[in-house]
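The chain below stands alone and is given as structure tokens, in the form predicted alone.
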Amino acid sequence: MKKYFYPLIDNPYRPKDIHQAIKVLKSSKITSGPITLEFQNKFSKKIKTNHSLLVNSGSSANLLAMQCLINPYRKKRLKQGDEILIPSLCWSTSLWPIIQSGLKPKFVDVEIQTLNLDLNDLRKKISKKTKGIMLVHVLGNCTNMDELMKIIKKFNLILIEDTCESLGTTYKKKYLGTFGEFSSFSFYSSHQISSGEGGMICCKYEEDFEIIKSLRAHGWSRGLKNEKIIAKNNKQLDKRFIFYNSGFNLRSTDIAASIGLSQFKDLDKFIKARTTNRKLILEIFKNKDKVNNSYNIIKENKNVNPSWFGLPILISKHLERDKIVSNLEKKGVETRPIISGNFLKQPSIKKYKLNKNQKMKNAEYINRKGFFIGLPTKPLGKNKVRKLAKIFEQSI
């Protein structure tokens, strides 16, 4: 792999994280167990959500949320063809669980200044068929949650928060991932904390939590609140192997849980470090007129205390994004699109006939003009940031 002067992320794993994983390995009890439960409990307590369940990825968390919404054990289940609104600036597995669950996605544009859902466009897209919103909190920022929740209440919509990029962000001191009925988090290596692979699904209601627990593990009755009642009603079956629901195998392991928990304990330190590094970059960049006039670094929305995932940037209208990104990469600065750009441009959208000539003006602008660079959790130092600023200047 290419070695970058300024990579998207350095090795996120500290000796103490690896030590926790080794302890689990030495115990020979490596599947989902007591450390998974501890991680789930501490996660719920920290972000103040009712129920948390560790899974093998944030993508699986999104899948479980959508599958729960259509499950026959849910009292208010969604039906085939019900609409779910989703921002056009999204990740593939924010979208595909909607389709995989027999529901219909409807795309909504985003705001250029925040990269998040455009509430004006959202209002226009709501129809009688609209039942929910898959909200994507982008790179540690979010939309106006007060206004969004008014819309949710007015139209009686279900909110699913894809918080995979925004663990630790608060809106008016309330954590993202606690506004909706469901939320997903990712612990992939580039995220605010990491367990290698892994994620968390959170939900507000116990009914949904019980469904999700079963869906996560084969549809088993094992570990459910009413496990004994299910066994009593199915005496012809071995009570250890009763399949109460449809299901997947989306469990994680205590190895991943031990690493994730170790990092989660230092989440606030990581957030502080990324914020400090961001402030240093902004401070040095603003003193270079050419850089300041050519790059617009996205700021947090009003009332948001962000847990930054990276440093999202939009280049000036007269500049060519691909040329600048190519120059940055050649000079040792690793870049990537903002999420995946305007997802309506992806070939899978055409293959599954999901576009229907929809125009997403702002998402398309971000697609053509936007990219982001990393924000490490280790102190950058002024000399490194000065060199970074010089590379940005030379890449114009």
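One rule holds for the numbers: they count along the sequence shown, beginning at 1. Here the structure is a predicted model, which means the values were calculated and not measured.
One more form of this protein exists, namely the form predicted in complex with a small molecule; it is left out here, but the text below deals with it.
Open item on the list: Counting any non-hydrogen atom inside 4.5 Å, which residue from 175, 264, 91, 270 sits next to the small molecule in the predicted bound form?
Closed with: Only one listed residue qualifies here, and that residue is 91.
TODO: Identify which of 335, 59, 36, 367 has a heavy atom within 4.5 Å of the small molecule in the predicted bound form; exactly one of them does.
DONE: Filtering the options by heavy-atom distance leaves 59.
Open item on the list: Under a 4.5 Å heavy atom criterion, is residue 164 part of the interface with the small molecule in the predicted bound form?
Closed with: Yes - in the predicted bound form, heavy atoms of residue 164 and the small molecule come within 4.5 Å of each other.
Open item on the list: With the partner left out here, check for me: in the predicted bound form, does some heavy atom of residue 191 sit within 4.5 Å of the small molecule?
Closed with: Close contact exists here: in the predicted bound form, residue 191 approaches the small molecule to within 4.5 Å, heavy atoms only.
Task: 4.5 Å heavy atom contact, residue 140 to the small molecule in the predicted bound form - done: Taking the distances in the predicted bound form, the answer for residue 140 is no, it never comes within 4.5 Å of the small molecule.
Task: Distance check, residue 198 to the small molecule in the predicted bound form, heavy atom within 4.5 Å - done: Heavy-atom contact with the small molecule at 4.5 Å: present for residue 198.
- [ ] Name the stretch, out of 113-121, 181-189, 219-227, 278-286, where some heavy atom lies within 4.5 Å of the small molecule in the predicted bound form.
- [x] Comparing against the small molecule in the predicted bound form, the contact stretch is 181-189.
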